[in-house]
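Presented as structure tokens, the chain that follows is alone, the form predicted alone.
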Amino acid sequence: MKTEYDVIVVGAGPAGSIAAKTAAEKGCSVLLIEKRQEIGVPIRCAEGTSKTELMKFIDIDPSFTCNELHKAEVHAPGSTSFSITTKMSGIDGEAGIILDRKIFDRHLANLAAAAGANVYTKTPATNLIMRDGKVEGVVLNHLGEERKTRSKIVIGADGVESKIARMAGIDTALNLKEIESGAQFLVYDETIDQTKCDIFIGNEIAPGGYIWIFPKGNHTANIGIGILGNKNNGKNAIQYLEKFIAGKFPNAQILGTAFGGVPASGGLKRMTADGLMLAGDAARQTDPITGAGIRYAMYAGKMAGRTAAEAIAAGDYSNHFLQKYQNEWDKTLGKTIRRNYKIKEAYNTWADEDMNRIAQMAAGLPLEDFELKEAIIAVLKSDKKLMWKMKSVYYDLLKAMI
């Protein structure tokens, strides 16, 4: 390990590895560090993403692909359900894929290494090197030895608990309504339908969130839940999930367990400082409705890595220059996340009766012909009371389609 790099990336998840890969490909000297001894563990993810979106960054490798799916079915609290097609989910006819995140994350780190980045595991960043309020590197612990490693830019991609953000003085605090408490079991059961994803909504089973079944092949699936911290009704995510599985799959065998928090805040207002950018969960770049973060993290990583390379070339590592990254994010995917935060806020006011009524309307519409924005507008138009309740969302969607 050298004592100085152009860019240090903290965290070897999708955001960090893509940031490191992008900066290295553009000629920067890059250090990518991961605090855990293995990249890709523990798994805190439902492991589903869009195949088309993934192909914008890397080639699809069968080694990290567990299943390909073309449909998801949404189940309301009553007996009504409706299907979401690939067109509605914005996948343009391609499949959604279920990943093996352990293999997938290692693959991304391999790509970063192949691009020229130095990759080290079991190497936590314990502090930032600061001078006159500017970030100039990290203090890290590598195999028990403390080292000071300088850099022109640090990219914090160290997850929802981001220490890098806090050490830089960036406010990342989340209130209870801005974070989903998640739990997931890897389940074996021969009755699991391997041809589609299933989503279950309702205040009784998943207050402020939903339960998912993401089939992984060989009679297995990730079955998980996300619930809002301010709507848990005195029970934790595991208790809700265990009750659901006991009723739906009484003979299920639990092969693995994962826990974690998922940001549902609509993103940070500030993601940069002098010599620093944040990406992925550290920057709250997750979908507030679904909790999805893989594709957002990869886009953010690419933007941050590219901005870092441009800053190195310009010799300008100031917050003013690095805000090019946040500006690009805010004008693109950040806009989507902010809109989805409004939808999430509206969703959290619905009673189960509202969800049943909406599901009944959705089931009667030709949703297979619609994209997501068109589908939401069609459902809102079917119920004037609901449209008024969500009028800000409705008009945002209309403007997005013009």
Partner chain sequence: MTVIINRNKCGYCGACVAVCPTMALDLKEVWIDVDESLCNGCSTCKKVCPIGAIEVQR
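Numbering follows the first chain given and starts at 1. From a predicted model like this one, the values you see are computed outputs, not experimental measurements.
Beyond the structure shown, there is the form predicted in complex with the partner chain, which is absent from this document and is the topic of what follows.
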Task: Heavy atom within 4.5 Å of the partner chain in the predicted complex - the one residue of R357, K26, R339, K35 that qualifies - done: K35
TODO: With the partner chain left out of view, choose which of G266, G260, G202, G291 has a non-hydrogen atom within 4.5 angstroms of it in the predicted complex.
DONE: G260
Open item on the list: Test of understanding: in the predicted complex, would R284 fall inside 4.5 Å of the partner chain by heavy atoms?
Closed with: yes
Open item on the list: in the predicted complex, does N327 come within 4.5 Å of the partner chain, counting heavy atoms only?
Closed with: no
Open item on the list: Residue-level contact is defined here as any heavy atom of the residue lying within 4.5 Å of the partner chain in the predicted complex; does V160 satisfy this criterion?
Closed with: yes
Open item on the list: Would you classify A173 as touching the partner chain in the predicted complex, given a 4.5 Å non-hydrogen atom cut-off?
Closed with: yes
Open item on the list: Only one of these stretches, 70-78, 243-251, 181-189, 207-215, has heavy atoms within 4.5 Å of the partner chain in the predicted complex; which one is it?
Closed with: 181-189
- [ ] Let me know which residues along 320-343 have a heavy atom within 4.5 Å of the partner chain in the predicted complex, or say none if there are none.
- [x] none
